[in-house]
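In the block that follows, a single chain appears as structure tokens, in the form predicted on its own.
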């Protein structure tokens, strides 16, 4: 099932969606650079040289040199960004708008004074609309979720790996718990990992506190968390799948922040190291999904669980034959601040693992207060696991999940380590009555 993009049929209109944004990312960022007097002066002194300093396609550069706003829009430009370019050249907004409609600034101004352009004759053609809404044949192939991985993302685990301490008596039991997992990943390597994590004041400080952030860029570098970046590769993402997921989730009323640029910290890199080991390049693409669990209010378990269910619909409506794993990271019980620092609750953690498998719907209703009281102030990270669990097919009866691995250990630095692998088995759909 493809996503509804009927808005593309509105005549004379370019709707700036995630696809347009990806296509015009550097073009629009170029326009943003003109918000300082120094850059405007440099651009006007030598337009071509300034444009050549940006990673723009030749078609984008030529559109600007030709003062062709329609061509710039076709190349991914957005009018609010392009307006900054026009202002640099001394164009009024009515002059820019007029140029896109084939009339002069004076003619455009007169048209607006007369009440503006009529909507009559500027709507979607009914025949085209009916054809667009005809029941399409289902895609022959589509993306599928093959499994979910749940794991703690303790920064000290990454440090132990980076400094060759994995065989030390303190750390060896932790890494033994992931030996099966690495072998399983080699046999079940996905094309894409959708990795749910939380940033730890690395990419986002208190100037911007988004609740859900979907990484829609092509690649994301490893963050410097104060000790220098971990000696691990950055991630290569899948911006086309990410744009598709963004479209689907936002249409399902999940308010996302979309990030084309950000760094990713240990919340994302430690799980990758645990599952894939010491590699020069991660063996699959990774789409980062940040959840705010640092400053209250944080999203509820129920909201995360519902997002996971919508995520499955989004992924499985993508018409490319990709194998996708959804990873939920963070936790388990730990508290890093105050007189209760060091709190661990083995019984609660293991009950959480039990319910995650057997009663995820009931688990999604656990209130924030219970997480904080029983699992520690930073144990609230466990709500992120519910996104991955919500993406499994057993919830609507279309498949089953199989527990492939479960591991629990205390301690890893200040934290209890929990780990679970669920394989997703979707049953083949029965043919419709009368269809053989």
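Positions refer to the first chain, counted from 1. Keep in mind that this is a model prediction, so the values were computed, not measured.
The form predicted together with a small molecule exists for this protein as well; it is not shown, and the discussion that follows is about that form.
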The small molecule: the contacting residue among 14, 426, 414, 21 in the predicted complex [heavy atom, 4.5 Å]: 414
285, 244, 290, 266 - the one with a heavy atom within 4.5 Å of the small molecule in the predicted complex: 266
Listed range touching the small molecule, judged in the predicted complex by heavy atoms within 4.5 Å, from 81-89, 332-340, 189-197, 111-119: 332-340
In the predicted complex, residue 233 touching the small molecule (heavy atom, 4.5 Å): no
Residue contact check: residue 149 to the small molecule in the predicted complex, 4.5 Å heavy atom: no
Contact flag, residue 154 vs the small molecule in the predicted complex, heavy atom cut 4.5 Å: yes
